[in-house]
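For reference, the chain that follows is the form predicted alone, supplied as C-alpha cells.
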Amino acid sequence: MSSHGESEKFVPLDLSRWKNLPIVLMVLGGIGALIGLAVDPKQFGYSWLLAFMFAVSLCMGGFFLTLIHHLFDASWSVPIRRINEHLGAMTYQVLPFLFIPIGIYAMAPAIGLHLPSLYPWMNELLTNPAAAGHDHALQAKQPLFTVAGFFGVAAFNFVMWFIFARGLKAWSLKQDETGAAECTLKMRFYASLGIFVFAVTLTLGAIMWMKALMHEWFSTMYPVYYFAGSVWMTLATVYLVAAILKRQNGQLREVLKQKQFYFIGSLIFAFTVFYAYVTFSQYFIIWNANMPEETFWYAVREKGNFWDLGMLLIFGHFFLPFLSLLRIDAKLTLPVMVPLFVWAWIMHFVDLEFNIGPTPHPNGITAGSVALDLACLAFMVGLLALVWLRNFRAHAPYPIRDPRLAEGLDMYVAPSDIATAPGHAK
C-alpha cells in the first residue's frame, strides 16, 4: 500500500474471471481424487485425511477468531467478523460430510470393505481384539482409543460446533435485524463457553484424527502445535479475503481501514512466533527426555525427504514470514502480504504432509502421493469456497448494527443518536 489516500491503497479489482474457480477446483480435484481412489485406495484415504485436516484448520481458525472478538469486546474486528463467522459456520455445514470417508476407512474391516484402515490400532481392535489387549499404548489411552471413542469424539465435536458456531452466527444475524443489546450479550455468553468448547474439541480432533496415526506417541503439546499452525494460516486467509472485499464491488470499502489490516498482520506475526515457540518446545522437551515412546516420532521424520520437509518448515514457516513482517509497513503492503498468504497455505500443507505422510510412506512421500493430496485438497477448498460465498452473499457483508462498529471505524456517535437509532432497545 502507498502512504497516500485510502482510495489509492485499494483500487477497483475485477474478479469476475475467478467466479467459477470454486467449481473448477471441485471438478478437477474430484476427478483426480476418484482416479486416485481407483488406482491407490490406501493413498486416497491418507490424502483425504490430509485435506480434511486442512479444512478443519481453516474452519476452526475462523471459529476461534470469532470467539476472541467477543471475548475481548473488540471493536476493530467488527468489520471482518462476518468473514470469520462464515468460516466458523462450515464446522457444522461442511466438515461432518467430509468426515464420512474417514469414518468408512476407519471401519472398513468391520463392514466388509476391502480398504486399508487409516489407523493401525483401529484395524487391530476390529480384526484381532486379543492382540490389541496386549498393546500397552492402547490400554494406557482408554477409553479414547477405542472404536466407540473414535466415533464418539467425532459426534461430540460436530454437535458442539453446531451448537456454538451456529449460535454465534444466528445471534449475529439477528443483531442485523434488531440491533438489540440482547444479541450482543448472547454472543458474549456463547463465546465465554465456546472458548472452552473450542479448546476441548480441537484437542480431541487433533489427537484422534491425526496424532492417532501413530498411537504409541505421547505429546501434550501436539494440539497446541496444530492450533498455532491453523490460526496462522487462517489469519493470512482472512487478510486476503478482506483485501479483496475492500476492492471488489466496494462491499467492505467503507468499513475496512488501515488499522484492520495492520492488526491482522500483527496477529499473523504473533502466531508466526507462537508456532515456532510451540514446535521448538515440543521437539526440545522430547529430545531432552530421550524416551523411546516419544523420540520415535521424530526419528521416523528424519528419513527420506521428510528431513527436507522439516528443514523447509524451520526456515519457511518461521524465518521467512518472521523477517518479512518485522517492518511495520510490511503489514500494510499487498505485494508482501498476498505472496505471504500463498506461502502460508503452502507451509501449512507441508506441515500436514510432515505429520501424516510418514504413516503410509515411512521412507518419504512420492510425487504420486503429493498429486493425490493436492487433488483432494483442491476438491475441499473448492467446496469450502462455494459454501462460504453462498453464505456471504445471503447476508449483510458486515454486522451493520453492532454497537462497536462506530468505534471500529473511529467515528463518534452522540448518545442522543444511539437512543433514536432503529432497533435500539429502550
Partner chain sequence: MSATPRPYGVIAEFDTPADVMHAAEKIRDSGFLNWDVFTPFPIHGMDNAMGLKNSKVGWFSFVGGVTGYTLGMVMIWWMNAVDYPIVVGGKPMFSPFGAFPPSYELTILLGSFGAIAGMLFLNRLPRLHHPLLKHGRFRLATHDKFFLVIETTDPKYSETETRKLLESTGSKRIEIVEE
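The structure presented is a predicted model; accordingly, all values stated were derived computationally and were not measured. Numbering follows the first chain given and starts at 1.
Just so you know, the form predicted in complex with its partner chain exists too; it's not on screen, but the next bit is about it.
- Scanning 92, 283, 297, 345 against its partner chain in the model of the complex with a 4.5 Å heavy atom cut-off leaves one residue, 283.
- Note on contacts: among 163, 110, 328, 320, the single residue with a heavy atom within 4.5 Å of its partner chain in the model of the complex is 328.
- The stretch in contact with its partner chain in the model of the complex, judged by heavy atoms within 4.5 Å, is 288-296, chosen from 236-244, 165-173, 98-106, 288-296.
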